[in-house]
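As structure tokens, one chain now follows by itself in the form predicted on its own.
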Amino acid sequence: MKVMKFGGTSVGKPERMRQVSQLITRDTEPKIVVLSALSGTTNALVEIGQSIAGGDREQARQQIARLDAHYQEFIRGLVKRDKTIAKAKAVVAEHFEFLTIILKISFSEALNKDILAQGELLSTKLFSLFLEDSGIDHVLLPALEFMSIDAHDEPRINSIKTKLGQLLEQHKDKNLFITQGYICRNARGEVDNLKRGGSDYSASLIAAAINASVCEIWTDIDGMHNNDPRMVKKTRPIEQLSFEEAAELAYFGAKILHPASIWPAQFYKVPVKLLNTMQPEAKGTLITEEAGSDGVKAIAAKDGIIAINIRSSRMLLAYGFLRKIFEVFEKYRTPIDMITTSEVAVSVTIDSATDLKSILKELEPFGTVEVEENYTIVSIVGNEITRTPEVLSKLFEALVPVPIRMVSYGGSKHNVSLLIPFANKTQTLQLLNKGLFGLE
């Protein structure tokens, strides 16, 4: 059995949904199909939640009406039989009735999670009706019956495996299953989600739970590219990556893949394929245990980085100093991306300002604290690149004009990361594309 995940752009128009139905019926292998919300829906639901939270119920009402109209038009382009049209309208009416009712309810974070869940519930139900209209036998599996997270927002993989297995056992005669990405239940049994990009995470968790033959992630790009095509004119798709290389690229900014989606597939040794819904014949990118080749594979960039420098000649060499620094970030559940140390200072980077004020206050007793914002981490990723001498020479030769704030080298044999001002991001990516790949 394999898993196929389709993102919002892959199901965002009726003709795209029809194309997805063709892709999932190309072979007879049993499969679980994971769908995101229609493109634009999650953003619209976020705005509705923000309007309600801000007390602007009338604006929320107008936003709900616009989204409802979009779905009514979507139905007209998706299904043709009168009976199926009536069912589709009933599905949309049910969910928009819920959105209308919540206008009368006090806003809470739990309610907001319910609002955000509507996108995936709508897309899968409408796709299921389209398959029914097309005579394609399938089962709609509610993700809320098996996908769950614990009190720390981590997936409960053993529970997912057990509950999903039980659901599949009830339909042993079926070969095609449709389910929602992104949504889940939390430790309190409430509707929750796996955060932005969580449909990739859902697909990987499901693939791990059923020990799938492959986890296919279908988007609107023909695999992972060696650089950001939005910033660089000439890029090329990567044929094969190891799990380690893919994880580095996803974490440090490659938009095609959610960072968290690598580890379940890696742990359970399920190959991942990144494929293009619009060009299904394209080879895409295979992610597996084997790297396929050595050398630099790709460059990724992560924006919104904050650099924090703690300077203390008195305390830096003291026993346990770094541990105390890290404990502050651990307390606020704020990951550190990069770290450098000297005899008198330690610099770290974070990608979230959510608890920045509290973190800085707790760091003050350790020394002089300086904060620099609006940075970008550029990561150069490839198999064994830190053991390839020419990579570093080419790297720094290419970036002579760029002011580099920090360098991370040696922590991973697959990654060299640089902290640069955001203003130099495009220049850096273009210079590296020429210096490392010979592409201009």
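Numbers for residues come from their place in the sequence shown, where the first is 1. Predicted, not measured: the structure shown is a model, and the values here were computed from it.
Form predicted together with a small molecule: not shown, discussed below.
Although the partner is absent here, residue 199 is a contact residue: one of its heavy atoms lies within 4.5 angstroms of the small molecule in the predicted bound form. Within 4.5 Å of some heavy atom of the small molecule in the predicted bound form lies at least one heavy atom of residue 42. Taking the partner from elsewhere, residue 37 is found to have a heavy atom lying within 4.5 Å of the small molecule in the predicted bound form. In the predicted bound form, the small molecule stays beyond 4.5 Å of every heavy atom belonging to residue 245.
The stretch that touches the small molecule in the predicted bound form, counting heavy atoms within 4.5 Å, is 29-37, out of 62-70, 383-391, 29-37, 403-411.
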